[in-house]
Every structure is written in C-alpha cells, then in structure tokens.
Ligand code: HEC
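Just the one chain here, laid out as structure tokens, in the form predicted alone.
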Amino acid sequence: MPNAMAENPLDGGFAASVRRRSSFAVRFWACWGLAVVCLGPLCGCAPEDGDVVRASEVSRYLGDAAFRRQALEASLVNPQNTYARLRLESYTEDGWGRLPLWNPRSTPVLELNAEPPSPEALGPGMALLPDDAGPQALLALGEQAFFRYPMQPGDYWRGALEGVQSAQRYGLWSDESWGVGGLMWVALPDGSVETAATCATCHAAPVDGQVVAGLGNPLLDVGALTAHWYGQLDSPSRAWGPGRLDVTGDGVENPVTIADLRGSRSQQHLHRTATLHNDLVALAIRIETLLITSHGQALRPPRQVAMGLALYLYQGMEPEPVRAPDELSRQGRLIFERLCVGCHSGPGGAGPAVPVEAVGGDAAVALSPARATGYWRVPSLRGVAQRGRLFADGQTEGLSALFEARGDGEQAHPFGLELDNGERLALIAYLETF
C-alpha cells in the first residue's frame, strides 16, 4: 500500500506503525500447550481432545444452524432483557438467517479533506475463504477484518476528516498502513459511497508511537462529533466525553467506556453487564448479531468474518506486560492476594460476575432494560496498565487514580482506598505485570 500517510501532519507523535503480530504468533504457537484457548492442529502438533473440540466448534458455527442456535441460548445470562429477547426471536434461519450478506466494496480512508471516491474506484470486499478453510486462515481473515471490514457506516465520520484539527479534536489516530482512524470508504446498497468505522476505529489506540489493536481509544469523542455534524449542539451526547459511547439502544443516556478487547479469552462474560457467558462461539455470535442490529436488521456479515474476528480477539491480541516482575511488584502481589482475589480470581485477573451493588459507581447501564442482569462483569486485568479509562463509567483515568477516592460520592471501585502510598505503588506495579 502506498505510504499515503507518512507525511500527514495528523501524526503529531501518534502511531507511526501498527504493532505487528507475527512475533507474537511465533511465541504463541511455540507455547500453545499453555494457552487457555489453542488450536493444536494449526501448529502441526498432535492435538489434545480440547483442541479437536475447539476446531470442531469453528466448523459447526459456520455450517450448523442448530448448533448456532443452541450456543446462543446457552450464552444468555438473562433471557428476559431486550437484548436477549430480540435475539431469541430473530436468530433463526427464517429470521436473520435470510438477510443479505454485507461484504461491500471498500477502501481505506488515507487522506483528510478527501472527496468520496467513485464506487468503481473502491476495492473488493473481504476475500472470503473456501468452505474447508482452517482456523488459522480464519484468524488471518479476522485480523484483516478488524482494520478493514466496514462495521458502521455513517456520514458523521466526515466531520472528523475536515482537517488536522478536526481529526485531533475527535480523537482519530493515523497510520501509514491502516489510514485515518481505521475508517473506510464503503459502497452502500443504494449505490452511494460513505465513510464507515471498522473495529479499529473504536478499539485501537496509539501507545508509544504504535497503534495497539484491541485497546479502547480514550481520545475518540463520537458524542461530540455527531452533535457537531448534525448541528445538535444541545444533544446529551456532547457530555459523553472522549472514550465513551452509548451502545445500549434503550433510549436512556448511559454511555460506557470503550472496551479494551485484549485478553478477551480471559473474560468469563461479555458486555459490561455480564450479558453473555463467554466462549469462542458465543463471541462470534455476539459479533454477528452486533452487525445485524447496527444495520437496522437489514444486513448480516459473512459468518467467516464473524468467526475470524472472534478468533483474532481470542488469539491475536494478547497484550504484553509493561513491567517485568521485580521486588516492588512482588510486594504488590501479596497485597493483591490479600485484597483483590475475591473478585479477580481467574486467568488474566478476571473472575465471576459480581452484583452491581457490590461495586458502586454509575449503575445506569447496569440497570438498563436492554442488557440488565443485576451484575457487573469482572474485567480481565490483561493490559490494564495501558487503558486510558477504567470501569464502565470511565471516570477513573488510569492506574495512577485507581486507589484514590473520588470526591463525587460515586466511587466506581471502592477497594484499596485505605492503602498507604507505598502499598498503592506496589499494587500498581503488580498490576503492570499483567
């Protein structure tokens, strides 16, 4: 791809290159036996029983409607909320299964202030694979789809492309390979060309000069962008602030922090409110149905894309610790084992969901009829040191503020506040090793 962004002043110290995954892939497959989720057949090793089951689940998700339906039903924590009821009603072969596939012609947005290209100038959609393609090929497709598949078309994205100041104001990163903010020009069914967000638009962010896939973008301010673009300066969305989105579709203002998708395989539940039990197939169905509802239940993604994205989230974006174990972090581990393992007890520091009232903070989204379960998900701590905003309400900015009391009475995590400064530093040091 031409180096169209190399001299773009939008860079301004932002990402110069995407963190490549090839070295991770080598390390991952070399130590596949230690992974929580592993597809042994991909690395030429003799498969364990669990590996065969996992590869079978990929195949059955792609080709077995009854299996998909069963997996959906098993994943729902509260079948009575509107999120669950819509899917139970519609996720059938005669329902959403009949929708036309969404795999449109598209091309990356490489320049600011650019006019939409003609439909003929766009590239082809995602290059789908043969029916017998293995999980490794689907994983590679998922990585491409993360940066290239148009998830959410919207003319408002053009408001962030009006110039350098606009792009920076609304939090778009730029990269010489992936373009501006992961945005795409996409051909719509009516023959027009419009901008569209990819997964990476919200779930990738610059850290130390590299765009890190999966990390929630703490600078992205979609609420202010849409208010500006549509001239609705009194819109409540202006108050969302950077790094937050209202995704529940329940008619209530309850924005949440853009999630860090890294460490997905460590999560016991999906969504902030623990709406879904987590496994690979449940995650693929969650991605598939998200695309359907985002397009007004008029289109559906190729299931290869949904499964590829699920595999990429599970296996392609495990974060590396920012700190190696040392004496300070070892002291912090003892504090963690005393104070934190009641919730953060599982692999990657995740754990079972906890009642909403046990945690505190702004419970608006937890009480939403769209996704209410009565619980918060206990998030994985993998990569927590790089997150710009913590907790569902996003009001805690980074680890440095994690154990400091807030003055508004809405403490999102009222634990560890009694620690002295030395203990806080030690515990933070340990969290940096996740």
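Residue positions are given as counts along the sequence shown, with the first one as 1. Because the structure is predicted, anything quoted here is derived from the model rather than measured.
What follows is about the form predicted together with this ligand, which we do not show.
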Taking 4.5 angstroms as the cut-off for heavy atoms, does residue 266 touch this ligand in the predicted complex?
-> no
Closest heavy atom of residue 376 to this ligand in the predicted complex, within 4.5 Å or not?
-> yes
Is residue 87 close enough to touch this ligand in the predicted complex, meaning at least one heavy atom pair within 4.5 Å?
-> no
Partner proximity in the predicted complex: residue 287 to this ligand, non-hydrogen atom cutoff 4.5 Å | yes
If you check 112, 292, 340, 207 against this ligand in the predicted complex, which one has a heavy atom within 4.5 Å?
-> 340
Would you mind picking the one in 211, 138, 172, 151 that has a heavy atom within 4.5 Å of this ligand in the predicted complex?
-> 151
Could you tell me which of 164-172, 104-112, 192-200, 68-76 sits within 4.5 Å of this ligand in the predicted complex, going by non-hydrogen atoms?
-> 192-200
May I ask whether 121, 180 and 186 all come within 4.5 angstroms of this ligand in the predicted complex, judged by heavy atoms?
-> no
Contact check, 365-401 vs this ligand in the predicted complex, heavy atom within 4.5 Å, ordered by sequence, gives 371, 376, 377, 378, 379, 381, 384, 387, 390, 391, 392, 399
